[in-house]
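We begin with a single chain expressed as structure tokens, specifically the form predicted alone.
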Amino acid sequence: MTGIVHDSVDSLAALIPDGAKIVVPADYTGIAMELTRAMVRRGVRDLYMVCLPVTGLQGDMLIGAGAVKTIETSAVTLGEFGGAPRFQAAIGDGSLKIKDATCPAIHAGIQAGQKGIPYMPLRGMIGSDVLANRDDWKVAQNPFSDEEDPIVLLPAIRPDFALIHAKKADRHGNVYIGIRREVMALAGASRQTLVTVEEIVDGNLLRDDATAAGTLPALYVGGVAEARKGAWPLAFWDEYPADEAHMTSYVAAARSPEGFQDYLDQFVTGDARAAAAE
């Protein structure tokens, strides 16, 4: 194995220092929940969390565990399971700084980071409260128009780490992401991509015509670890569905600090996770 492939998810989590800027995708892309639990166990703090463009259980768990200082997102929601309890509590007690955004704005910032340019122009926000509360977004005149034509300039987003879960990786560190092309943007914008996968396979995914087009090259990958059912209790592609009973129980527990801590004791720092994920 190369140095990219780690023998445990905990060793992958150890690469993320306090104060790091991370970016995570939406739930349908592939959420590295096992890595998230490892980050909680490690006790990481003061993260700047960018969500492309929203987050759910992953963000709520990290916020509840005190790992996140600032979040840049267009929403934090558990979807059909309801609101995100620890996010809502952090808003109420003022322990979390929020940089409110829109879905297109975060995508545009990541695209600028991927392209290595300082900003990306975007329309549609002028006059909105979102723009009024983002002093890092600038309104400028379109230089190609002879008439008044203001446009918003969004600074590039360049995270330290992108965190994803994928189907498989080879021992060279190449990662199969399938049709989830937004992962390419995350990886291109970030200094490193940390990946958990359902399995590590032999061979070279970039040399196989069946997988090459959907493979993230090892050039963008800072570390890979195998974590079977590593997105649990969230759904992962067509590999397995969401654990609806577990999600319902999480929401009930996370409504109070005591219930959330009990949940962590049982499913994050305790031994219940592996049995529940079977």
Partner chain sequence: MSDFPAPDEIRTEELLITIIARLLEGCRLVSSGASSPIPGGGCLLARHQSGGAMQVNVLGSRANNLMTNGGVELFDWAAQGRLDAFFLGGGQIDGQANINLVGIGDYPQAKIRWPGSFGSAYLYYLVPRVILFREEHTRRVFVEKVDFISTPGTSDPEVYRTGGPYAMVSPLCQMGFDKDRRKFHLVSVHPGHTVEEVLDNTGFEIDVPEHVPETILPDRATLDVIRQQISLEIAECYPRFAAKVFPEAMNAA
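Everything numeric in this text was worked out from a predicted model, so none of it was measured. Positions refer to the first chain, counted from 1.
From this point on, the text means the form predicted in complex with its partner chain, which you will not see here.
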Quiz item: Using a 4.5 Å heavy atom cut-off, are S74, T77 and E80 all in contact with its partner chain in the predicted bound form?
Solution: yes
Practice problem: Taking 4.5 Å between heavy atoms as the contact cutoff, choose which of L153, A156, V201, I91 touches its partner chain in the predicted bound form. | Solution: I91
Quiz item: Which one, 103-111, 191-199, 156-164, 204-212, holds residues whose non-hydrogen atoms are within 4.5 Å of its partner chain in the predicted bound form?
Solution: 103-111
Exercise. State yes or no: in the predicted bound form, is some non-hydrogen atom of E148 no more than 4.5 angstroms from a non-hydrogen atom of its partner chain?
Key: yes
Exercise. May I ask you to check whether A187 falls inside a 4.5 Å heavy atom distance of its partner chain in the predicted bound form?
Key: no
Quiz item: Within a 4.5 Å heavy atom cut-off, is A252 in contact with its partner chain in the predicted bound form?
Solution: no
Quiz item: Might R86 be said to contact its partner chain in the predicted bound form, defining contact as any heavy atom within 4.5 Å?
Solution: no
Quiz item: Does any residue in 179-202 get within 4.5 Å of its partner chain in the predicted bound form, counting heavy atoms only, and if so which ones?
Solution: I179, R180, R181, E182
